[in-house]
Ligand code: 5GP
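Below, in structure tokens: the form predicted on its own, a single chain.
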Amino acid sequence: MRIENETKLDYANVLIRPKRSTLGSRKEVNLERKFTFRNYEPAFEHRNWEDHHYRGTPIIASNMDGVGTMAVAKKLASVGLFTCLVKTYSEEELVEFFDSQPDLADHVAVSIGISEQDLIHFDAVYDRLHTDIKYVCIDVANGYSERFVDFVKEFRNRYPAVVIIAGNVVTGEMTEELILNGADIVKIGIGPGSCCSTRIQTGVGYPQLSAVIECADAAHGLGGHIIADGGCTNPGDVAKAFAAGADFVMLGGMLAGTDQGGGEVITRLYETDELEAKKRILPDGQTEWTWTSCKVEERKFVKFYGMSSETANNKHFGGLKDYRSSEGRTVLVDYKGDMQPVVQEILGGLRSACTYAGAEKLKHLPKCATFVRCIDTHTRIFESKTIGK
């Protein structure tokens, strides 16, 4: 047993210090990134690509139910964002999706696990689509097993013309291990997600900001890339993740609850603090006011859950196996309607962060940013009383 005494940090422990800037407006900020991937070897059909393999705004919808859907992928691709589809789409669904909209291949990853059945499933889809599949997300909760590394290595040998996203891990040495064995992009994060209870159930994890900083340094030293996966609760956290060196930021809860995410809209009634006044005219012409109990308001929600939760296991795997416990929560998130305003708020906050830090381009943000450690990041006195943005 050993103890690391250096303090590790989460997004809530820091703020980005503002700096003098020549930028006159948020609209001057360029959020587009271009990446060339270390281990990817483009197929002959793609060798006419320019000097990069990826081009877009590097925000990714997580491969979670209610987020990593085909409808979300279409919406986000239209504004240059990326989606990792959920693992549960069938061969026919994936083939029809990519066949009907081949342009989406630049902004969508097919997600798989590391079982033999997962590989058979991907083989079948790829055999029918070939170069229409450019990205795969090899996704497990614990990326520290030899079996996971071996699977990534085998997959790279089998599919040199597919960009491999692999995770999750939180340390520099394991980030390097995955990149050296064929991964192009490593997902960083164990336990920070809003619906993840791994840290509670297991005591395992790593503060997300420090994990991103350390893993980005390790990956970039080898020419690899990382995704900051989990822990963002607002646009400011997204900015902090990019400032810490993340090449991509993956979002789950922040994108949940939209029309494109699907899911049943659930209505609940709540009593408010506000009393309702009723007026009555008396026979003598006088006005009498009476006050009734609190008003009742209607709120709409959508169910959202972690992919290691009991809900997800019951839905996709026939229930929890007798050797494991649930490591995810099931919650109700506010119903948000169409995804467009949600995306606009995130991108607007990110542009504003860049102007405060003096970064004309998103890729400049890590070099421009200075983090200030703090006890608290914002005033919460009116959080529960907010009625609009």
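Just count from 1 along the sequence shown to find any residue number. These numbers were taken from a predicted model, which means no experiment stands behind them.
Not on display, but discussed next: the form predicted in complex with ligand 5GP.
Looking at residue 250, you'd find a heavy atom of it within 4.5 angstroms of ligand 5GP in the model of the complex. In the model of the complex, ligand 5GP sits within 4.5 Å of a heavy atom of residue 195. At a distance threshold of 4.5 angstroms between non-hydrogen atoms, residue 182 is out of contact with ligand 5GP in the model of the complex.
Looking at residue 328, you'd find a heavy atom of it within 4.5 angstroms of ligand 5GP in the model of the complex.
You can rule out all but one of 68-76, 299-307, 281-289, 111-119: in the model of the complex, only 299-307 has residues with a heavy atom within 4.5 Å of ligand 5GP. Proximity to ligand 5GP in the model of the complex, defined as a heavy atom within 4.5 Å, holds among 245, 224, 263, 230 only for 230.
Contacts with ligand 5GP in the model of the complex, taken as any heavy atom within 4.5 Å, map within 56-72 to 62, 64.
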